[in-house]
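Presented as structure tokens, the chain that follows is alone, the form predicted alone.
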Amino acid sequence: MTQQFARLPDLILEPMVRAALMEDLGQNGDITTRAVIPASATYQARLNAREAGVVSGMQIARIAFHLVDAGLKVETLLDDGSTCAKGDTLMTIEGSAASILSAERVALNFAGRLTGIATLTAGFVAQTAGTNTRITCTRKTTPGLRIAEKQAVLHGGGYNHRFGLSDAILIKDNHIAAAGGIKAVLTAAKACASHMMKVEIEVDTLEQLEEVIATGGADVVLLDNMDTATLTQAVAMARGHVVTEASGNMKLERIAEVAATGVDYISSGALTHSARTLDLGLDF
């Protein structure tokens, strides 16, 4: 991985896991398991990777099992951020068979989804090899799951953009139009922002970028939907003035050529909105 990441406290992740379990268990609990599995039955289950990838969601899977039954013995064999091969066992769960079965789907839904995000992110990061460009996510996340999905991006070696509207000032094209232009919007943002808050502004032409640099007040400029030749010019213009971020149509096959422009960051909503779920299974 390209960076170190801190493990979040369980209490931050627990509410979303609890909500998913409540959705699945409903008003009557796991009626199938209750009907056919003796209460005394115990088993050891293995959470296995059925394809290679970068692991994420193990912390959340453990929380799911323990919320259903704190007495389950859960051992994580491959931590979040690790690489796995097809057939690897990521986690073992031992104890009440009924409890394991009741938590299984929620644990797998999270783990498969988050491992898919981490794996896709790692693929993007690999395309930046030999450059200083960082891959970052966006706010295009699944409602209610943003913190988990952004953690998965970190596990894949990427970086996080802002978490929400309250993190930083990001002035988009519609803000510029509504506020009366680049100078007006930057002047207003600079007057409002505290010394701890960054200001980013979106541009899609070199003329707009020139105005941003001349006006001042921006820390980061988002270079939106530029072709590679224009992006190369924009990065050269911005160097020494503002941090640069390329965004828009940032697909995996384009990342290497965009990183070669020298841009500081490449942001892609695809990391979270288009990642496929990795195939993981729970085997008794």
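What you are looking at is a predicted structure, and each value in this text was computed from that prediction instead of being measured. Numbering starts at 1 and follows the sequence shown.
Keep in mind that the form predicted together with a further copy of the same chain is not shown, yet the notes after this line are about it.
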| item | value |
| --- | --- |
| Heavy atom contact within 4.5 Å of a further copy of the same chain in the model of the complex, the stretch among 47-55, 254-262, 216-224, 232-240 | 216-224 |
| Answer option from 208, 76, 127, 109, heavy atom within 4.5 Å of a further copy of the same chain in the model of the complex | 109 |
| Residue 174: touches a further copy of the same chain in the model of the complex, heavy atom cutoff 4.5 angstroms | yes |
| is_contact(residue 71, a further copy of the same chain) in the model of the complex, heavy atom dist at most 4.5 Å | no |
| 4.5 Å heavy atom contact, residue 167 and a further copy of the same chain in the model of the complex | yes |
| Any non-hydrogen atom of residue 119 within 4.5 angstroms of a further copy of the same chain in the model of the complex | no |
| Within 4.5 Å of a further copy of the same chain in the model of the complex: residues from 43-57 (heavy atom criterion) | 43 |
